[in-house]
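Taking the form predicted alone, here's one chain by itself in structure tokens.
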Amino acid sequence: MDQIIFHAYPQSPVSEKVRVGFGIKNLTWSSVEVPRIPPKPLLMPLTGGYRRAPVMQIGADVYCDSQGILRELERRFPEPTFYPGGSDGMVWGVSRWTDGTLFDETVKLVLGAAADELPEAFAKDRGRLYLGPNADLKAVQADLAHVISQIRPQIGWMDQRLSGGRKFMLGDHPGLPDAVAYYLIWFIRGRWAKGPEFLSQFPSVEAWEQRVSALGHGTQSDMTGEEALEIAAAAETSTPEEIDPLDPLGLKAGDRVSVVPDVDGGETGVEGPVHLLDRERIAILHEDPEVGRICIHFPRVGYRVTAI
């Protein structure tokens, strides 16, 4: 069963990246809206405590992080491809730029510009998550000119890439680079008061932005968190046990590990026995009274795996 259940919230920029992916592949999916900040009682049974959005559920398999979600979409639904023109491999390198340096600066811009207006609980949560234990949004606000000076040339690179008549980042057909770049433009335009004025200096980006937006988000229907838990409880993982013998950590099937984002975001690791391990992915089994046994998937890049 390939029914896609997407746990996210409308304002999430990283979730918008995946929604664009649904649009590129014209997929049908069910949407479960989750709270913007913890607690997330209808999500935690599925993720073993992983609190970030988005999360994708297919039966009793749960995919954390947009990188892992988009890889799985390509595996299950290969056409139309995220890699037009045979661009697989290279496009993931592009995502490490957009999801790394450019995302970090964009988060500083949006949070810093709105420092005087954000709800206290949200500001505290996101500050700790993205800016570390000593987060100071007022200091970020005072440094906005520098932040903008870092973002401006990077969006300029996109504008250069799209000049000369390209419809999408890779040519005539949309692909993964469009999703991983578009969500940051969407975030700047929608969440920074000066975003539309700032983006007006990039005419090729603005024209491309409209084309990507027109792709839509596929076909969406709503689902409750309770319904999603019932589906997980009634299903079994479809992921076979598989271990890479060349894995640098030397892990074996059944070894108990903790998996956590490889940043100081104040998060706790998700624990369980290793079920699948390869160069790109790790999946661990997890037992929860509400859903029984599930398989939780993470990308390797950007996550720290520790034997426990």
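Just so it is clear, the model here is predicted, and its values are computed rather than measured. Start at 1 and count along the sequence shown; that's the residue number.
Not on display, but discussed next: the form predicted together with a small molecule.
*Asks:* Among 45-53, 252-260, 278-286, 238-246, mark the stretch whose residues have heavy atoms within 4.5 Å of the small molecule in the model of the complex.
*Replies:* The contacting stretch is 45-53.
*Asks:* Please identify the residue among I185, L170, L129, V147 with any heavy atom within 4.5 Å of the small molecule in the model of the complex.
*Replies:* None of the others qualify; the residue that does is L129.
*Asks:* If you check W192, F202, W92, F103 against the small molecule in the model of the complex, which one has a heavy atom within 4.5 Å?
*Replies:* Comparing distances to the small molecule in the model of the complex, the residue within 4.5 Å is F103.
*Asks:* Taking the small molecule as it sits in the model of the complex, is C295 in contact with it (heavy atom to heavy atom, 4.5 Å or less)?
*Replies:* Contact with the small molecule, no.
*Asks:* Would D65 count as touching the small molecule in the model of the complex under a 4.5 Å heavy atom rule?
*Replies:* Although the small molecule is absent here, D65 would touch it in the model of the complex, with heavy atoms inside 4.5 Å.
*Asks:* Given that the small molecule is not shown alongside this chain, does V291 nevertheless sit within 4.5 Å of it in the model of the complex, heavy atom to heavy atom?
*Replies:* So V291 does not count as contacting the small molecule.
*Asks:* Heavy atom to heavy atom, is G23 within 4.5 Å of the small molecule in the model of the complex?
*Replies:* It does not: once the small molecule is placed as it appears in the model of the complex, G23 has no heavy atom within 4.5 Å of it.
*Asks:* Are all three of R71, F77 and P80 close to the small molecule in the model of the complex, meaning a heavy atom of each within 4.5 Å?
*Replies:* Negative, none of the three is within 4.5 Å.
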